[in-house]
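Presented as structure tokens, the chain that follows is alone, the form predicted alone.
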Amino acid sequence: MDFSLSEQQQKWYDAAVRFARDELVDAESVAREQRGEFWREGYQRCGRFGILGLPIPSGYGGQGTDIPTAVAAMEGLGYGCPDTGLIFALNASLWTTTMPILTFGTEAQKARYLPRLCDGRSFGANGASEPEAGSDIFSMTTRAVRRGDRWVLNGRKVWITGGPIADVFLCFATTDPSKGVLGITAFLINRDTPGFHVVREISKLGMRTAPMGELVFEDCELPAESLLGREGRGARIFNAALEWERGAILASVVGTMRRQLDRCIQQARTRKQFGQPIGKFQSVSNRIVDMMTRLETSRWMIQRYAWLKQEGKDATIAASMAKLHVSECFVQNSLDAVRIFGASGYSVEGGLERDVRDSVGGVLFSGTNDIQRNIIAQHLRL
């Protein structure tokens, strides 16, 4: 099957690389990462460029591209921009908030939220995980109770990407614990809603420029129009959002791995030891070959997922396999890049140690890689 880029996909890929290099690379990048600071201006630049709404119809402020074109552009963004946290954050907003609103929202909800999410005026966050409901997500205890024509939420959410800086939240609560999965309902919540609080920002190993936070609902009253989809059908919305995230959010990582590979090839050709380029040593050349192999297989898996989505085919297992494979490859390629550069790769100024720290999160978010293996094993009826 030929997954080479179409003319439109190549156009967006090239444009994203140029945009990232021109608009998302500056002298403050290292300092922001050390401070754990989200670059709002960079996010807004991405909105003006159009990448935040790539798969969203133009009538709602997007570009109206297909999913394969969107992931091609994200790959280009990852190649051109070293701020992995910023790119991860904007992908999380797109795939776990914007896309569910497009798919499950009413016309009023789409008109209200999508234009602002597409142009960068708003950032979206998805609130599902809880202190005791991570992998076992549908054991959530956040409760939504109907009072007249309103809903009242009480509970807590944690590990929320973008929580400290988001403007709109897609959150999940149980309306009837006795119904289990069928009791889960989805709500759209504005940041300034009374009774809704971001109580802390969570420090972490990597992805420091993608803020993570904890949310609390204390008698948080929501109007009826805050309901996304039907009551008791939140699990369907959550699963759809998680599939988009698993299958597409690592497209930018493919671009990052390409950038790593290019740097390592250049280093192997120009860095000399014992009178010859280090690429002449088999231990170095073999490592670079392995990096390239992981890169190409990762690209294929992301593009296959995007093709399945575009064709309207079931992409559940493809998403889990892509998330599992690409995240593991990113960790290993980042470690190999550091080893090829040696001490300069270990230093902060080289930028490669940041890739190592950022890569670790990939094996955990969107369902840990152990959970992905369980999903794939169940598909095989094991």
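Each residue number is its position in the shown sequence, starting from 1. None of these values were measured; they are calculated from a predicted model.
Omitted here: the form predicted in complex with a small molecule. The next part is about that form.
The three residues Ala128, Trp159 and Ser366 all sit with a heavy atom within 4.5 Å of the small molecule in the predicted complex. The partner is absent here, but in the predicted complex a heavy atom of Met212, alone among Ala186, Met301, Met291, Met212, sits within 4.5 Å of the small molecule. In terms of contact with the small molecule in the predicted complex, the residue from Gly279, Gly134, Pro115, Gly105 that brings a heavy atom within 4.5 Å is Gly134. Figure note: of the listed segments 119-127, 229-237, 293-301, 306-314, the one touching the small molecule in the predicted complex, with heavy atoms no more than 4.5 Å away, is 119-127. For the chain shown alone, Gln10 is not a contact residue for the small molecule in the predicted complex, no non-hydrogen atom being within 4.5 angstroms.
Shown alone here, Cys264 lies farther than 4.5 Å from the small molecule in the predicted complex, counting heavy atoms only. Although the partner is absent from this view, Glu23 stays clear of the small molecule in the predicted complex, with no non-hydrogen atom inside 4.5 angstroms. In the predicted complex, the small molecule stays beyond 4.5 Å of every heavy atom belonging to Val17.
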